[in-house]
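In the block that follows, a single chain appears as structure tokens, in the form predicted alone.
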């Protein structure tokens, strides 16, 4: 099997749009005692302006690490991250801080991502205060507007502390904070996985409304395949630090090209109790990122993988064994 299966190579080659985010050969490695852990290994993808790219895979496959590497929260070991044609991986100091205003991240745990000792209005205002883009009445008006847009009444809740809110409310506050600098790209790292199902739907509907209003582009990282399908224009499937398949959401879900994608989709339970249960079981455990398999990283668990026979090496006629000397 090949190392990567790119589902939409044909459409990608004919797409004349310039991507807002262009990632090429992204590498992230960590040192663990005497070993090197390859968390992200040569990941490449594009995100076009106004679209949502879903990134799915098993726990530990490198999804969140990829998102953090784009923000330089985790330092990449190699590759390029071009945002609007500027390689973020080559920036430092003030230039890097400037780039971060154009892309923001919403984290998985909404409660721990907010300072419990600060008031909500101060949490949302922190980016504005750091950059001093607005002051005085304009600052207060913008904070109230952001909180209102995410469903938090600033008059009632603006002076409360983050620790006084539920998980869903904290995630709304996180969204308001991420929009303060009017970014172009939002990286949503498992932003609804810690929330109840009913609250998930509310947050996702809110995110879609804000996407249209603010003209946002999203990288939506999640493990819930149903959620990813509903919010994404294209989906990338990740396994053991590599993207094994990427393509339009409808195409990928209806006719997956990579065996791992088939198993991933088959493992998702249908909401209909009368639907047949998929009895296919993926054997084995994911290999260690310290010593990943050669070639396709899924080959150790893939039912389609075969052992190639080595070609027989015949001895040429003119090469006979040396005669035994007496």
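Numbering follows the first chain given and starts at 1. None of the values given here were measured: they were computed from a predicted structure.
In what follows, reference is made to the form predicted in complex with a small molecule, a form of this protein that is not presented.
This chain lacks the partner; the member of 282, 37, 257, 265 within 4.5 angstroms of the small molecule in the model of the complex by a non-hydrogen atom is 37. Taking 69, 61, 43, 53 one by one, only a single residue has any non-hydrogen atom within 4.5 Å of the small molecule in the model of the complex, and it is 61. None of 257-265, 292-300, 29-37, 44-52 except one has non-hydrogen atoms within 4.5 angstroms of the small molecule in the model of the complex; the exception is 29-37. Although the partner is absent here, residue 190 is a contact residue: one of its heavy atoms lies within 4.5 angstroms of the small molecule in the model of the complex.
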